[in-house]
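First comes one chain, alone, set out as structure tokens in the form predicted alone.
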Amino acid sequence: MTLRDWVPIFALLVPGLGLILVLIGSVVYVAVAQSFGYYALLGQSAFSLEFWSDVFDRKLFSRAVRYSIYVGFWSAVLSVALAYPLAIWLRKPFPGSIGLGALLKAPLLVHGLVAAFLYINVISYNGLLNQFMQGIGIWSEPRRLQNDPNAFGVLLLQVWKNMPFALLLLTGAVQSISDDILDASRDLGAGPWARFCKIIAPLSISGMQAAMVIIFIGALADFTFQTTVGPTNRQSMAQLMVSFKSRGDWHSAAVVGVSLMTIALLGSALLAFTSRVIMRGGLR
């Protein structure tokens, strides 16, 4: 195609794509500039590395980075690991498969904050789980299950919320695989695990990568689940950013925000690359 052929295409893309790029670019620019001392709400704006040095020297920041990566990574891995067998199971229609698929995707319609409060009602000190365990005689008294230090509650909610999204992407990717390929591999003696490693996983890797990257970014920067059911002895990067902002320290909050965007970008690229290497090399 010549340059003249591309002109109408660019003209159609500019109204929508241009607006998106301007909005996103302006937000990123302000955040980066504010992290270096510009756009000060109080006082004089001037270039400075003081805020980066101050934030990076805090143990609270390094702990928040490790904790956020931990939640983001395991949320993505567990969501995709649960969604893969379900996507393969629902690949071919069977009686009730449409209703079952809709039921599995139901969490997409529930707001995260609502799910968090429902979860609290189940695991609270006088919640349904404690009452059930005491009723059947396993526990003699209620136990504190809320705000566990290992963030199992956060991971459970993240997987519950994000697994249907991964299932949506993986179902489309798995259904696009031709039956002839799977039937031929079965005739050649390949078992279920071999068919998954040699055929299904490599051919659906794009859907898997998209699911992992999107879930990782969302869980990495999540605020709702962290503040409602997260551990009280740790803060995520989103919580730390809000904490700085609530004290009026917008420059430090911008440092955390830019760091969060950078980790999301680099982590997504590393996650996508690693998953491709594992799927195309490690499973062979």
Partner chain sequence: MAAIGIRGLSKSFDGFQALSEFSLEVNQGEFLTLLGPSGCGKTTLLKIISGFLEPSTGTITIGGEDVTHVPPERRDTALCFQSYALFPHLTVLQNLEFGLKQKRVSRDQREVRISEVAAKLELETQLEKLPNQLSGGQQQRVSLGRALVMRPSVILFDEPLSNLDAKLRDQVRVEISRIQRDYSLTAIYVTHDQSEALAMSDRIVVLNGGKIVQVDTPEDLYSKPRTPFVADFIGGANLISGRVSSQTEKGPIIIETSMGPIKTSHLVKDNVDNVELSWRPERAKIGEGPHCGTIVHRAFQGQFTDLILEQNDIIFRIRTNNDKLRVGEVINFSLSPDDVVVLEVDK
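Positions refer to the first chain, counted from 1. The shown structure was predicted, so the numbers you read here are calculated from the model rather than taken from an experiment.
Keep in mind that the form predicted together with its partner chain is missing from the display, and what follows is about it.
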Pro95 within 4.5 Å of its partner chain in the predicted complex, heavy atoms: no
When the contact criterion is heavy atoms within 4.5 Å, does Gly137 count as touching its partner chain in the predicted complex? no
Would Ser185 count as touching its partner chain in the predicted complex under a 4.5 Å heavy atom rule? yes
Considering non-hydrogen atoms and a 4.5 Å limit, does its partner chain approach Gly191 in the predicted complex? yes
Pick from Leu156, Leu203, Val77, Leu129: which has a non-hydrogen atom within 4.5 Å of its partner chain in the predicted complex? Leu203
Among Ala173, Ile199, Ile120, Leu90, just one has a heavy atom within 4.5 Å of its partner chain in the predicted complex, namely Ile199
Answer among 67-75, 162-170, 140-148, 177-185 for heavy atoms within 4.5 Å of its partner chain in the predicted complex: the stretch 177-185
